[in-house]
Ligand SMILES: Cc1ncc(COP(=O)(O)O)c(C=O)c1O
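Below sits a lone chain in structure tokens, taken as the form predicted alone.
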């Protein structure tokens, strides 16, 4: 049993130092939790050791990036070998070609591919490609769904009951200073609501360049898109010549051919990141050759000029190629079976503890919800202040009992894990639920 929070810990002291030079104490708002985040010292396999020497099982894996956990020997070997050859060139490399060939050989919709440095960059460039291809200004995206830090796809990311609208979701700014014109060029549709979404898309069809969709969005509760919803999106976009962009930055880890095969949808463009970089910064856009042709600069200025000093960086390409080679169909099947075990045991812990809760997710992903209601939309999964407080208590219990999950309830498995780690996860979760404050008794 560890002691978090502890103002005398090395993590607490490092955080105080960090706040003097880094706004908020770090460079990623997503990794902060109160009163301070734990600082990592090292990682090996499925475990992280913090700066106080405490070891924990890592169920965050850098927000789903590390499908092979930390310091996998084959990935480390590939990066070291490339580093000996050079870390970057103003030239193409075979390392980029090898990863491109591997990815396009696996997923039928990947006719061409282009690399960038993050999932945010991938989504931004996919949207720009759709605009170049259609010569239309608008995009549509689902309410409450995260697609990176491009201001157009941030619209209505964290809308709440106070501003999310009624029949038609409002286009709400996520960041202060978002230009009003950005809001005008984004149609917001309700996730998994077939009728209302189709009506909104049809209304704006002549102006829409793209619809951006995630089949199982993390920030919207890790709730799977329904078959009916995906079918509607594909039919409407084909009918009106709208580019369908599938955000697979997270969901590509769901199977050998990504979430699109698992969910039975074939997009025009796919955005990727995280697992395809073997732990190093990466992003990619892949899709139909005719749409990807917008990036083609080999015959003069491309319709969509696309540069980037670190695009296709050979260190990332080598790490990604090693990581994805390791993810065979058998490796995916084993990891997803562990994921099913985790979701089942977490659900059973909720039943045994007698608390309100649900577990969402698929493949090697899970999310904890401390509410007992059907979860099909972003609004269903929206956390009340009371639910946030309960989840914070569960998160802290995990930290003090040797396990790391995301503060928002997300968990991601890695290939070094076994049933031992899954059983530990469910046992600690049951203890966390039993430690929650009980609701006050209602007087007779």
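Everything quoted here is computed from the prediction, not taken from an experiment. Positions refer to the first chain, counted from 1.
Omitted here: the form predicted together with the ligand. The next part is about that form.
Figure note: of the listed segments 141-149, 314-322, 73-81, 201-209, the one touching the ligand in the predicted bound form, with heavy atoms no more than 4.5 Å away, is 141-149. Of the listed positions (109, 118, 159, 260), a single one reaches within 4.5 angstroms of the ligand by any non-hydrogen atom in the predicted bound form, namely 118. With the partner omitted from this view, the residue of 243, 155, 250, 222 that lies near the ligand in the predicted bound form is 250 [heavy atom within 4.5 Å].
Although the partner is absent here, residue 214 sits close enough that one of its heavy atoms falls within 4.5 Å of the ligand in the predicted bound form.
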